[in-house]
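We begin with a single chain expressed as structure tokens, specifically the form predicted alone.
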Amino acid sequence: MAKSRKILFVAAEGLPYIKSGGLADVIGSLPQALADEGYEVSVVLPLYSKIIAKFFDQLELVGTYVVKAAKFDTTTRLFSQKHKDVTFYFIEHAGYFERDGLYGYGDDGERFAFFQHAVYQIMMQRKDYPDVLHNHDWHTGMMAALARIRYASNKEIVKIRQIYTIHNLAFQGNFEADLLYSALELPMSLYHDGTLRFHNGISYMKAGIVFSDKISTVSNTYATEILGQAFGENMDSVLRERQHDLWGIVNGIDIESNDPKTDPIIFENYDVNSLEKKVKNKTGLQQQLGLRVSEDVCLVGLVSRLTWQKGINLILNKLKDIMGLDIQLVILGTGEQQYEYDLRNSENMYKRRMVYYGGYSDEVARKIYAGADLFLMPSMFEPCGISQLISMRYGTLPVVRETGGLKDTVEPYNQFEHKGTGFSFYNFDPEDFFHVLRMAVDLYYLNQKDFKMLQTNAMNVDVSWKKSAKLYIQMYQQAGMK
């Protein structure tokens, strides 16, 4: 493998700079894992207000460039910063990116059309071309189409291998068809002949699937699930056309920043050989959140967006029974208003036994991962999931539904073979969920030997990016990277 091979990640968010979801975790850790394999890796992101507020003084101005395509005719500045072994680039546009949020605006299609054009036009003006463009989710779905059509006269761009990763098929970047001409400078024939037509408009996600050399998604099981109608989000027929180029590669996590042995935020550091110290994190969390302080009670945690997809309805449906199990429950997250309202009311019913922390706090999240005994992820679907990997890393046993990456990463407890790293159920049903949770709580109270065995197993699982990074390299090579 030649060390000069260059990989450029194009994404809408990435740690440590900006995050709204799991995509940012991947962009914050996979590039470094590829750099560890000897590749030259960089990432390009929009320069959002939140990045400016926190990091602008640290960024280096690379240069000023002209972006002229479709309705765009402007200059933009490119900034950079080296983070570990990865160079992060930031494309400036005050009107499009200096806003309170990242997405959810009426002109999102136009904003990310500009971003994608800017990536290519800066590339051409700098005469600096990667061997692989690794594009992520709908925000970068047009990168391969632009390379094949709008920038096809540039031989260096045509040579770039185009990889497209679907992190969540439910978010597809569906817009009015006239964006093809007005913002992307692509022929309307791509709509009329059906190539990019989707729900009487166009889909950035569909473009990524149709035009990229290889497509990946973030677990083996999810790669199979999205080929069917139940999880295909009306894109299943398009994916089946490309299924021979579709890879399922499970996510990893940054094991340096998610390490109970060195985590500076938790109450007491510990590792697999000092699991007895973990309980100090439980009592610390209980004290901080106003729960009854007890080393012996089974503490159950959840860190999640509060949506139907995440199975919050299963928890609320059985909450009275769950709280009858002699547990404490800590829930951290925001989401649908009805769920937030129900959880606030429930907290009042179970004072000193249940806490709902409305909002997001990395500090409290880490303390939940370290302090809880069980971690809930009863998702309707889950392309990969990050939280179950972090919870296992911290010796907190996940209770998951067998779907997507949850099925691929959590081995269910087998009482006869004394195996497992957590607990799982199959049907998206409150009774099935409660049955498995009760089994997990019973194991905690009645069979501490097996419970500790599962904790040890979970902490010994390799949740790093090392194995997955090698699979991405294989995919790049199959796509034609020399």
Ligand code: GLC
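In this text the structure is predicted, and so the values were computed from the model without any measurement. Start at 1 with the first residue shown and count on from there.
This next part talks about the form predicted in complex with this ligand, which is not shown.
- With a 4.5 Å cutoff on heavy atoms, Leu23 counts as touching this ligand in the predicted complex.
- With a 4.5 Å cutoff on heavy atoms, Arg353 does not count as touching this ligand in the predicted complex; it lies far away.
- Looking at Val218, you'd find a heavy atom of it within 4.5 angstroms of this ligand in the predicted complex.
- For the chain shown alone, Arg240 is not a contact residue for this ligand in the predicted complex, no non-hydrogen atom being within 4.5 angstroms.
- Checking Cys384, Val399, Leu184, Ile368 for any heavy atom within 4.5 Å of this ligand in the predicted complex turns up a single hit: Cys384.
- For the candidate set Arg197, Arg305, Lys280, His83, a heavy atom within 4.5 Å of this ligand in the predicted complex is found for exactly one residue, namely Arg305.
- Picking from 436-444, 449-457, 23-31, 413-421 the stretch near this ligand in the predicted complex, with a 4.5 Å limit on heavy atoms, gives 23-31.
- At a distance of at most 4.5 angstroms from this ligand in the predicted complex, none of the three residues Ser257, Thr409 and Ser464 contributes a non-hydrogen atom.
- Residues His167, Asn168 are the ones in 154-185 with at least one heavy atom within 4.5 Å of this ligand in the predicted complex, listed in sequence order.
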